[in-house]
Every structure is written in structure tokens, then in C-alpha cells.
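Next up: a single chain in C-alpha cells, the form predicted alone.
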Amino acid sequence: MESLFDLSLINSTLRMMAPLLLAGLGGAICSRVGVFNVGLDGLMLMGAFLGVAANAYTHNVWLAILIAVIGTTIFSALYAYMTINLQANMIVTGIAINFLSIGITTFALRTIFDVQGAYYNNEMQGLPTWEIPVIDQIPLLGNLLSGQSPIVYLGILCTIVMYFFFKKSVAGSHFDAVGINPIAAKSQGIKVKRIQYQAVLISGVLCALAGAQLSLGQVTMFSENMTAGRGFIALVATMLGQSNPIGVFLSSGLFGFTEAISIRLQGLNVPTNFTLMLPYVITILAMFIFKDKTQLSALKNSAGSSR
């Protein structure tokens, strides 16, 4: 039992929760403007593939992440155009984005790299791990917080920035106004569509970083559908956290902790099928207990935008 629950488990939790946190924050900012973004999983998958593909050709992990962010943001613009301009049903469009991403990445994997299932290159460099100065020298705290990839720390920073953005800034209040009552917001001179576009594009950036963390931070490879539904877990984290950045952080931490535990249980001769299903069981249970007025508002908007 001591080998299951120790201080390094927190370190593993931070690493596992990072993709969920970033994608969850993307879902949260969309929810705050009345957009229910079900396409988080597809955007994450696109970011993961573009990161590996760009890294394989440029041999520069930072340039690869930049390309992944740009490509995924353009891909998210497709979702924004269909739901905001064409008023297509948000849920149906999000599911379509997810399937389209699976198809594109699978086809590109076989076309560009001439492999099926997964692509791995021993010479490809992944994201480095950062040791935090001063904190690294503190006995317990250094082991808990140091040694993570830059995207993990960026996720924590994004949580803080987004919290103060919605809590303290005028622009953040405009985002909330659009989500609460877009007609009233428009009557006050707030450009509703522009803000909704900004939210979806920011969501694309965050999901690209989440995908890059999966394919370049946790491992250095890409496999077909490697997100394995993490985008939907991130969506539940958004709901459970009531679209509040701090709430999303805590919810992502819960799911990251569950995933870290499931990996450790595999080393204790626990059946693999049980450990693999554990994060998803926790997700389903969480769906039964959340009460989120913000997400319900976004769901109503998505139902009302169907054609």
C-alpha cells in the first residue's frame, strides 16, 4: 500500500492531469460564452498528431508545438464557423469534428509515415523536463513540483490567468455577458460573434497544447486515437468545475489522480482491464453528481442552434 500511495504519486498526478486541465480550460472558456464544445477530443487529437509530425520533419520540439497550435486553431475555426455563423447544432458539429479528426490523423499517419497504428522514432526529441530553481532544492516540495514538462507548468499558469481574467477584467465580464444573455449583450454594444470566435479559437490553442503534452510530453510518439476519450473526460471536468478555472483544475486533478492510480495498479497484478476502465468509471460517476448552470445554459443554446 505504501508503494501505491507515496509522494511521487502527486508528481504523476500533475503529469496526467495536464492534458485534461488544458482541454478543460478550453471547454470552460467556450461554456462561458454559451458554446458547448463537444469537439475537445478531436482538437486534442489533431494537436497530438501535428506536434509529432512537425517534430519529425523540423527536429525542433518548440517549432513543432507552434505548428500544432496554429494547425489546431485553424481546425477549431471550422467548428466556430459552423456553430456560430451557420448556427449548426453544437453537439452534432462537435461529434463530427471528433470523427473528422480521427479520420484525418489516421489517413495522414499512413500517408506521411507509411505506418499503421502508431509512429515512433528513436531520434525524435520530446519535451524536456524543467527543474524549478530554489524549489528544486526543497526536500519534499522539489520532488512534488519539479521535473515536469513546460506544458504542465503552463497549464497551472493558464488556470491562474483565466481565473483573474474572468474575475477582475472588463473583457472577462463581456465573455460572461455573452454566455448569460447574448441579446442583452449585443444591445450594450458587445460584439457577440467576435467574442464567441475568440473563445473557440483560444480553446483550439489550449487543446493543441493538451495534445502536444500527450504525444511529446508523456511519450514521444503518436498512435491512432491516442486521446482515448480524454477530451470527453475534460468536458466532464469542465462541467464538474462549473466552468470555473479553479474548479476545472480540481476536477482535472481528480481524474489525473485516478489515471495515475490506474497505472500503478497495473504493477500490483491488478487486471489490466480493470485499471484501464477506472478513470472512465470515475468520469461517469462524476457526471451524475455535477450541477452546472453554465453548462446547462450552453446546452440550451446548442439545442436552439440546430438546423
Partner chain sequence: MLLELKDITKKYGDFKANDQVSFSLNKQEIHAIVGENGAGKTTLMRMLYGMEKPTSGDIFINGKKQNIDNPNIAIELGIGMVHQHFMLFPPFTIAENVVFHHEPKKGWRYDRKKAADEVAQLAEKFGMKINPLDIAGDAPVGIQQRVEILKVLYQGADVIILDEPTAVLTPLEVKELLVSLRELVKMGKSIILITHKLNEVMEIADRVTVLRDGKVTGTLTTKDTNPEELSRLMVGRELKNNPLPSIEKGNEILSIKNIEMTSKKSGKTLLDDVTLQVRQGEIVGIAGVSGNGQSELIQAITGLAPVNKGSVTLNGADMTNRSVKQIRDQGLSHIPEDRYLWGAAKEANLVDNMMMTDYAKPAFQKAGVLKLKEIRRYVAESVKKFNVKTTSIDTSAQFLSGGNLQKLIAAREIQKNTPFLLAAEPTRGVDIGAMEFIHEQLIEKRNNGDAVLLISSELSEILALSDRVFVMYEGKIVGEFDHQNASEEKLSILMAGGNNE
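Residue numbers count along the first chain shown, from 1. Here the structure is a predicted model, which means the values were calculated and not measured.
Same protein, other form: the form predicted in complex with its partner chain, not shown, and the subject of what follows.
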- in the predicted bound form, the residue from L154, I132, L201, A177 that sits within 4.5 Å of its partner chain by heavy atoms: A177
- Message: Residue-level contact is defined here as any heavy atom of the residue lying within 4.5 Å of its partner chain in the predicted bound form; does I112 satisfy this criterion?
- Response: no
- A77 near its partner chain in the predicted bound form, any heavy atom under 4.5 Å? no
- With heavy atoms only and a cut-off of 4.5 Å, decide whether R194 touches its partner chain in the predicted bound form. no
- State yes or no: in the predicted bound form, is some non-hydrogen atom of A185 no more than 4.5 angstroms from a non-hydrogen atom of its partner chain? yes
